[in-house]
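Just the one chain here, the form predicted alone, laid out as structure tokens.
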């Protein structure tokens, strides 16, 4: 046992660890959908703002459609990021808190970055036309802040996997200014997340196009742009994914190469789904009248598989250090029932809100 790894909290958790793991995966999937739409949608918006040309009126309409959605996506990203963060702390608190302390000031910086990014998103959405050329920079600041927050999270979630670094970093400088820039896993993990966000946002942009009932040209432009972005980002991300695999610690990498049936199966399924996604997107790109539902559901399934692969990586790195079955449990039945009722009510409300948002007339 690494002497610098804190022992599990003596306070018992109110249910077994597998239940909290399932809730971690479920809530992270919801957060991931909003985060991908925000970061990827912002990247598409930024590209549109800097790439002038063609039909100016159509170009401006695309920019306005994306801009109006980003504040809602930003709110959803932050709100639905709380639950998976709490479940992560419940299960891996000793690791997550330690890495957070080591990178203390960059970690604290995520709060002001979110505030600045949120403000810039609203500025672009509601005052964008009045800003003129300054609109590009408002959008760049907003998306830059979101990307920096994601980069901070990638630093934290990779640093928590390498307890062998903690003592060296802390005793070299205990001031909380450490990032994990020397970690081979950091850059492919962050880029894999960022490009995945752009790809998912492309699908969501194509789905958004289906709301356009009166403007056929705008509908076609949104669909084409969304699918083109998805195809390009996915092709590059497949290569980033192999870089990610090669960057894993050798013993963890072996898990995905036959050392673990679970991990190897997830890798095979994820790879097959990536190819299926490319095929489905290309078919809709060639024949725009095709339904997007198979592509959308396959994308959701792919995200779920990627979350399970992240979990397999985390457990591989912390094998022998994080024993979830050793966390003390004291079942609190009434609290669990209340939580389950509120969870179902919350999910139902979110689904209703999203459906109303998508059904609302474009303005």
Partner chain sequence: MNYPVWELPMGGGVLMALVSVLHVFVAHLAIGGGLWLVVAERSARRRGDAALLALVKSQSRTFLLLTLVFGAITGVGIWTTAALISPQALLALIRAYVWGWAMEWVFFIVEIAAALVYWYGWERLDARTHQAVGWIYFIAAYMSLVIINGIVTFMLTPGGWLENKEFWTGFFNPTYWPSLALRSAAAAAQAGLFVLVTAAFLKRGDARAEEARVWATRRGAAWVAAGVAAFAAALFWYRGALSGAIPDWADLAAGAIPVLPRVVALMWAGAAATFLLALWPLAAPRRWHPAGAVLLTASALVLFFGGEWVREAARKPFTIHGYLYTTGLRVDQEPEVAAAGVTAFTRWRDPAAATPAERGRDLYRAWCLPCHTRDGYNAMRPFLGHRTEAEIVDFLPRLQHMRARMPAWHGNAAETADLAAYLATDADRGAAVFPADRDAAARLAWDAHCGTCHTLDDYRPLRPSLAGNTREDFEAMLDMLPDLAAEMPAYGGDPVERGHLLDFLTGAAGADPDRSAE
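We call the rigid core whatever largest set of C-alpha positions still superposes within 1.5 Å between the two forms. Numbering follows the first chain given and starts at 1. Remember, predicted model here, so these are calculated numbers, not experimental data.
Another form exists, predicted in complex with the partner chain; not displayed. Remarks below refer to it.
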Next on the checklist: Looking at 266-274, 197-205, 79-87, 220-228, which stretch has residues with any non-hydrogen atom within 4.5 Å of the partner chain in the model of the complex?
Outcome noted: 79-87
Next on the checklist: For the partner chain, considered in the model of the complex: do all three of 50, 186 and 278 come within 4.5 Å of it, counting heavy atoms only?
Outcome noted: no
Checklist outcome for this item: Interface check vs the partner chain in the model of the complex: of 110, 253, 162, 260, the one with a heavy atom inside 4.5 Å is 110
Checklist outcome for this item: None of 236, 101, 216, 131 but one has a heavy atom within 4.5 Å of the partner chain in the model of the complex; the exception is 101
Item to check | Any non-hydrogen atom of residue 245 within 4.5 angstroms of the partner chain in the model of the complex | outcome: no
Next on the checklist: Check residue 336 for me: does it contact the partner chain in the model of the complex (non-hydrogen atoms, 4.5 angstroms)?
Outcome noted: yes
Checklist entry - Applying a 4.5 Å heavy atom distance criterion, does residue 166 contact the partner chain in the model of the complex? => result yes
Checklist entry - If you check in the model of the complex, is residue 56 within 4.5 Å of the partner chain, heavy atoms only? => result no
Checklist outcome for this item: In sequence order, the residues of 20-44 that place a heavy atom within 4.5 Å of the partner chain in the model of the complex are 20, 23, 27
Item to check | Rigid core superposition, residue 17 Cα moves 2 angstroms or more between the shown form and the other one | outcome: no
